[in-house]
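Given as structure tokens, the chain that follows is alone and in the form predicted on its own.
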């Protein structure tokens, strides 16, 4: 039988959601489907495939998701000729955000490479946009219709039920992908009885997260270490419109080594009352011990592969019940477990093409949580297997580290913007992780599960001149850079550093004001006496807005002189317009100071990027 291969690369889960939807709809058309993450697939087998659909997201500044990196490197090998994929039919759907400069860059470059290697496109690539009022699904639905139609024309043997099959709505044809096994308490206690509190917590988090079906194969389920809060200090003035905090954590378990520019991921604690409300709403027993395994795994393997955990522990550490919005498929499955006619009708409408926009407004735009949705449909009673499969996984949140370990040996510092907003229907919402961190009291001794990894900002050597641009919380990694360089400058000569910082008001949100000013005076590493400089743009302290780009233009000659001396550029902060505007300003400066065309200046900056001297770390 002919198989359709669907390969996906996801960072936040949307590409997986889209790929699973494609898979379900292909199966309903009589197609045999293999669905795999790109890091689970051997790229050398690609020439043997008949038809492949790629669903890939673009992250950060045009970056490939982690799960795609090895696959992409393989595809870029020069020895793969222009006929390597001859006879292979492919289709590409990309997920991106048009507010970013490199919108859907990964899907675009993947399609070009597949074409260069001799592949044949089944259908024109589809590009989903987070900025669309209906999100990426606004493009996915029409793209899928074209895909089935074209696939049926090119290879009719794939879709035995035809391209336009409609399945009766009265039966749920899918099975949950997971199986829950319940365990007696006697068989479980031994795992935890002799362990210390910290070890026991580590085992419980690791077991719960490793069993969740939404776990990426590259995830490390157990935390690298546990931290405790030493300081939680506000950096912004009350009523400034922002709440930014400085956190200092100490290692409670083993102190891990990290470098400036690294990233710390934190697993946020969920509100215990919300977890209890979810368990009660779904008629579950919080104290039962469970393991979760893929349905296709045999009993023997399922029984031995995981350590049982309490159901409440599993929900608490792996299921996001009170912050993330459920996916569209959640509503489709809910319909089959709705016992009230009016609820079933509403859910059926949400699942239809006509109801797609209303579902997007109700769900994603309002950021409804799983708990809120279940409360809105009280007649729905979903089996726990479906809930485990469909409730979004509880994700870690990543933060740029704002300290140098050489200065704070047993500590790690973070600069966190406490997120809150009002939805279109005037509902107050808070960011799960930042609001949880903001509520931490050093006296409570709460353990913070943490993972360390490399970010986009490599640690600079002391002899490398630096041009840093970090408005708002973008200053976080550069606080670590300056701490480290100040320490290095005590014993060795160091290269100059220029830092451009931006905020709204001098007296409202000038983050780490005293720190920067102390290093920009008395021959500090940011002082002009040392060839450096510290320049601040206050955007709202005067009638006309002033941003970091304006300050860069004011000091364009100094920027060009440092660039000519081989300086590296580091940009960090909000991912919307800032990175693109800053890049454009650098191009403008190179063009004017070097007396070259704007196109040549853009090429010059791209060359800087390629040789590892232009780095961007941006977050939304």
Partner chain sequence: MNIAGWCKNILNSTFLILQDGTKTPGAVLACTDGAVLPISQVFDAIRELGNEGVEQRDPLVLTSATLLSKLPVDSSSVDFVILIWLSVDCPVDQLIQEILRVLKVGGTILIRESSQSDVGSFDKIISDLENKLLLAGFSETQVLQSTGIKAKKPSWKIGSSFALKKVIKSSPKMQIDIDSDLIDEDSLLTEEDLKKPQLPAGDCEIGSTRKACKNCTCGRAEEEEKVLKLGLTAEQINNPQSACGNCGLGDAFRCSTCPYKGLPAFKLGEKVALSGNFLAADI
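In this text the structure is predicted, and so the values were computed from the model without any measurement. Positions refer to the first chain, counted from 1. So that the term is clear: the rigid core is the largest set of C-alpha atoms that superpose within 1.5 Å between two forms.
In what follows, reference is made to the form predicted together with its partner chain, a form of this protein that is not presented.
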query: its partner chain isn't shown here, but in the predicted complex, which of 524 to 532, 223 to 231, 466 to 474, 338 to 346 has heavy atoms within 4.5 Å of it?
result: 338 to 346
task: Identify which of 174, 141, 243, 130 has a heavy atom within 4.5 Å of its partner chain in the predicted complex; exactly one of them does.
output: 130
message: Can you pick out, from 453, 540, 237, 295, the residue that has a heavy atom within 4.5 Å of its partner chain in the predicted complex?
response: 540
- prompt: Using 4.5 Å between non-hydrogen atoms, is residue 276 touching its partner chain in the predicted complex?
  reply: no
field: Partner proximity in the predicted complex: residue 603 to its partner chain, non-hydrogen atom cutoff 4.5 Å
entry: yes
- prompt: Is the gap between residue 185 and its partner chain in the predicted complex 4.5 Å or less for some heavy atom pair?
  reply: no
query: Would residue 310 count as a contact of its partner chain in the predicted complex, using a 4.5 angstroms cut-off between non-hydrogen atoms?
result: no
- request: Would you mind checking 344 to 371 for residues with a heavy atom within 4.5 Å of its partner chain in the predicted complex?
  value: 346, 350, 360, 361, 362, 365, 368
- prompt: Can we say the CA of residue 96 moves by at least 2 Å between the shown form and the other one when the core is superposed?
  reply: yes
- request: Establish whether a shift of 2 Å or more occurs at the C-alpha of residue 513 between the shown form and the other one, with the two forms superposed on the rigid core.
  value: no
- prompt: Can a Cα shift of no less than 2 Å be assigned to residue 115 between the shown form and the other one, given superposition on the rigid core?
  reply: yes
